[in-house]
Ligand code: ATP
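Only one chain is given next, in structure tokens, and it is the form predicted alone.
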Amino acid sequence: MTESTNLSCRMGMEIPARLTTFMQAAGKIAAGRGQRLYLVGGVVRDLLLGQTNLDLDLVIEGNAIELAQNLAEMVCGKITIHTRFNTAKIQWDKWSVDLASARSESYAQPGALPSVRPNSIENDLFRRDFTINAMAVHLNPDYYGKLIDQYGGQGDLKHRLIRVLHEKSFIDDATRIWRGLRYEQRLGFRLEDTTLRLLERDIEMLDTISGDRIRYELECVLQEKQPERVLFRAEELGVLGKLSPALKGNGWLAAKFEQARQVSSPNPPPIGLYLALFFYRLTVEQSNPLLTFLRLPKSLAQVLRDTISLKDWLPRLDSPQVRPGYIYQVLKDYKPLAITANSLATDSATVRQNLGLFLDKLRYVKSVLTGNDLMRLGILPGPRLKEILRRLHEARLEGQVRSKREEEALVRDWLAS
């Protein structure tokens, strides 16, 4: 175990004072109970990299829920408890901290959720995915800031390596394959040789993972600054093919993702837009099993279906002479994100212009007169009234009328004729 490095100064620089004060107080409470408290995981890795990470995970060799209840009272915060895993989340003001009891894990079968039992910090760190995420920092007053690194995480950070802790890592939990690719591309590291060999050996273990968990990993990929890098690497190693052989992570996707970032700036693109571009080149037959497997939320699944369906209509919009009313009729039932995805994906400037016209203007056009207004003009409820409302809306789209008075005059002309 390596404890020669002390990160207390870095913690003071990279973590806001409110959170460092919280951790110091938590360490004192744990010490008063004869227990040890640690800062663990990604935040420790990022401290060593000189990066700010406010996702604080604390582990105690003891009862995390009891400590969390004390700490929640101390900061007047909200506490969420998960008794099955003996974990808790404390939220107050704009801050949140996760607490867990140190534990070991065992897997009844590959891909299953683990069974857990209380254990030491050493065993808790051993259950983690990669060495760079398997470090901890003491929070008790006597050892505050001292680093625990028993698996060589510091060395792997120095040499820019992603390394699993044991040979069965990907067998126990194949979602680590996707996480390994994320860390590799986010940090500009590379998979350590043995880890790469194990990953390639165990790709088939992705079949043991539920669609819900794969969807979560995919969502995490799409929240990266450049998710296309992860998807390209996933295709290169055969990981993407396990999701669907038809999915590609090549240069086309990279270019479209970059365009998505440009149109969404200064905010990151919504995950739905990334997913729509990712699925864009699939056929309906290729996409349906994938949508079922991933169990996407209904609204998001509809965006992806609309994206693929709309492709077939694009040739009809590839003319400068297409009337606004026709553009509206073609696009009115499609989700806006699906239209945006097609606008980014198409090679036709004319199609892009017509899709943009709908998104920027036509979808907001409404006629002023309502059904009640038409009834006051003597039109009885029924199909005729609905047809006049439709024609009135179309007249608005075409720019034939621009005010309520002009709408009334147009309706009177129709009634007179």
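As the structure is a prediction and not an experimental result, all values here were calculated from the model. We number the residues from 1 along the sequence you see.
Although not depicted, the form predicted in complex with the ligand is the subject of the following passage.
**Student:** When the ligand is placed as it is in the predicted complex, which of 300 to 308, 330 to 338, 173 to 181, 191 to 199 ends up with heavy atoms within 4.5 Å of it?
**Tutor:** Heavy-atom contact with the partner occurs in 173 to 181.
**Student:** If the criterion is a non-hydrogen atom within 4.5 angstroms, does every one of R45, D57 and R186 touch the ligand in the predicted complex?
**Tutor:** Verified in the predicted complex; spot residues all in contact, yes.
**Student:** Could you confirm whether D156 comes within 4.5 Å of the ligand in the predicted complex, counting heavy atoms only?
**Tutor:** Contact with the ligand, no.
**Student:** Even though the partner isn't displayed, in the predicted complex is G27 close enough to the ligand, meaning a heavy atom within 4.5 Å?
**Tutor:** The answer is no: G27 has no heavy atom within 4.5 Å of the ligand.
**Student:** Since only the chain is shown here, I'm wondering whether S287 would be in contact with the ligand in the predicted complex (any heavy atom pair within 4.5 Å).
**Tutor:** Output for S287 is no: heavy atoms all beyond 4.5 Å of the ligand.
**Student:** Please tell me whether any heavy atom belonging to N133 falls inside 4.5 Å of a heavy atom of the ligand, as the geometry stands in the predicted complex.
**Tutor:** Output for N133 is yes: heavy atoms within 4.5 Å of the ligand.
**Student:** Considering the ligand in the predicted complex, which of R233, K242, K248, R127 comes within 4.5 Å of it through any heavy atom?
**Tutor:** When the ligand is considered in the predicted complex, the option within 4.5 Å is R127.
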